[in-house]
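Consider the single chain below, provided in structure tokens and representing the form predicted on its own.
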């Protein structure tokens, strides 16, 4: 039986769901994989709780009563006392935490993340992180960076590693925006109300502007572009921002209070649709021209993108083997349950292949 210590950063929608999934399936992992998965550390922006035996089903109560003020080295000092496999799991959207990934690796942590920022910082940082992972023989998994639980990252990575030339990747990259515009195209509901519903249900980022700005989709495009071998920066992407300039500058609370300012312009756009058209938020990557674009588009209802429902994501990959009929991946592209399950799948991958050894102190 291999014991694996999990350190969870972020206990919001996705992080708390992941914790519940790990605890619920504990016996299964022991029987199926011979893995004793223990969540030994959980942390939010200000507090931390560590327990070498693993947190219990009463973790929320324990965190409220027994957590201590968070220090930069809280997990490091605790991990030094234990020689088990260490996996840091990032369920946040924190840029600051992403910049510490190389340090986490140097401290002996494998990394599993839903946070796509580390993979979309500068190319120099991207390359530096991978050098550290290689030198320390540690794993980095991030399937949930694109498409929540859908296997698009693994597919692009596997195709590229097999020598397949990927030419174009198109699709509805954001299950969050898919949910919003699927509903908006069908209902007589203001866009502001739908956005608030999406936030409440955990479809959007904590700040919905990260989705509406196009930045979240742009990061997903950049993740895939770099998997194909392209060396590009975030600034190279053409992005249509759906948030008006005056709303871009507000703090989160004021932005949510003023969301209705978006309603008039989006109602006008909806009324310009033809009877056989709907709105879809589309991302496109062309490896030949090195062009990455993010925009809101009118598409035919009977097109693959037009037929999407709910929070489904949709990706089509054109390559040397899929020239006229693309490889298509479709399914739930957002939501706390599928994202947490995707993280858990990556955790199992890392845990199964990780070697147990004594870390140097």
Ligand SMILES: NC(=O)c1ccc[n+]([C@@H]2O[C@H](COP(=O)([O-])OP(=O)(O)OC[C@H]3O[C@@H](n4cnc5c(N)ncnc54)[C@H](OP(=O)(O)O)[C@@H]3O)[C@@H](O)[C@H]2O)c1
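Numbering follows the first chain given and starts at 1. Since we're looking at a predicted model, the values are computed, not measured.
Form predicted together with the ligand: not shown, discussed below.
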*Have a look at 40, 37, 292, 334 for me and say which one sits with a heavy atom within 4.5 Å of the ligand in the predicted bound form.*
334
_Between 124, 96, 249, 276, only one gets a heavy atom within 4.5 angstroms of the ligand in the predicted bound form; which residue is that?_
96
_Option from 310-318, 294-302, 25-33, 44-52 whose residues, in the predicted bound form, bring a heavy atom within 4.5 Å of the ligand_ = 44-52
_Partner proximity in the predicted bound form: residue 114 to the ligand, non-hydrogen atom cutoff 4.5 Å_ = yes
*asked:* Check residue 344 for me: does it contact the ligand in the predicted bound form (non-hydrogen atoms, 4.5 angstroms)?
replied: no
*Is residue 70 a contact residue for the ligand in the predicted bound form, using a 4.5 Å heavy atom cut-off?*
yes
*Find out whether any non-hydrogen atom of residue 120 is located within 4.5 angstroms of the ligand in the predicted bound form, and reply yes or no.*
no
*Residue by residue through 11-44, tell me which have a non-hydrogen atom within 4.5 angstroms of the ligand in the predicted bound form.*
11, 12, 13, 14, 15, 43, 44
